[in-house]
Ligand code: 1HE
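Below you'll find only one chain, the form predicted on its own, shown as structure tokens.
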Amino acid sequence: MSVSKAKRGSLRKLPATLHASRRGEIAILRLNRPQKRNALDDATVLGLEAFFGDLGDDTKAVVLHGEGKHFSAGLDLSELTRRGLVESVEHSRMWHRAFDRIEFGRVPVVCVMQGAVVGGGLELAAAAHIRVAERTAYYALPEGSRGIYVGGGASVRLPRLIGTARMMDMMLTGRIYDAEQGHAIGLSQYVVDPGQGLAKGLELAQRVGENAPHTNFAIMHVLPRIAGMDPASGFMMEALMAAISSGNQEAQKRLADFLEKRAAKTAPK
């Protein structure tokens, strides 16, 4: 697999704990701290914010993955210093800001997970739009046993994926889900054999990148917000988005290609 170096100007500012590259129109970001199981320190979180805040118009999707045996073991606890109330809130909000750039950014993000997807690592993965798990992946929220609470957005994102009761169980009892169990409850959309995650992630990112950009934008930004609305407001938002998207010039061309049999029909492969 040939992967060229990334060209975005902001990528030169990334910390050594992150490594960026490109494969055509797909940006690839690697957590690059395997000796610490890709634990997330402040420099890494700020690097994530910088990367996803300046992708450039030539990027159609992003693949996020971790170097080594683990995706991420979460917050680097060596940085969990004593802070005042205001400083602690600001620190958590820094994580929120960085992960919002992923969930509500310019392009879809495919996250490839292996080994530990724990604490803040799971919060990071939950901000992505598609998650691919290798069979070595396992999920946990050990904050309860360490006397702390999640602070990177898990309280908002994880209940939407797995339900409040399951998240409470994970935090109260320290329950660990393996890759198959995590897939069954909604922590991933795909499960692949060890070593196959990045290839699958790139395959999915390429497919996602073929969509019309305005459709991807609607799926990323409008669909989650409709899910939080009352039904009547959701139906109206859907109708407005459908009207906006169908009137787009690219949509008109794609529909014409389909009607004139220049585009493939939807069918299982």
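Note that the coordinates shown come from a computational prediction; the quantities given were computed from them, not determined experimentally. Residue indices: 1-based, along the sequence shown.
Beyond what is shown, the protein has a form predicted in complex with the named molecule; the following relates to that form.
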Query raised in the report: Mind checking whether each of Asp42, Phe51 and Asp100 has a heavy atom within 4.5 Å of the named molecule in the predicted bound form?
Result: no
Report summary line: Per contact check vs the named molecule in the predicted bound form (non-hydrogen atom within 4.5 angstroms), the hit among 28-36, 235-243, 216-224, 59-67 is 28-36
Query raised in the report: Though only this chain appears here, would Gly152 touch the named molecule in the predicted bound form if you measure heavy atom gaps against 4.5 Å?
Result: yes
Report task. Would you check, heavy atoms only and a 4.5 Å threshold, whether Gly182 touches the named molecule in the predicted bound form? Result -> no
Query raised in the report: Is Pro142 close enough to touch the named molecule in the predicted bound form, meaning at least one heavy atom pair within 4.5 Å?
Result: yes
Query raised in the report: Do Arg160 and the named molecule come within 4.5 Å of each other in the predicted bound form, heavy atoms counted?
Result: no
Report summary line: From Val109, Ala116, Ala126, Ala133: within 4.5 Å of the named molecule in the predicted bound form by heavy atoms is Ala116
Report summary line: Picking from Val89, Met168, Ala199, Ile148, the single residue whose non-hydrogen atoms come within 4.5 angstroms of the named molecule in the predicted bound form is Ile148
Query raised in the report: Are there residues in 66-91 with a heavy atom within 4.5 Å of the named molecule in the predicted bound form, and which are they, in order?
Result: His70, Ala73, Gly74, Leu75, Asp76, Leu77, Ser78
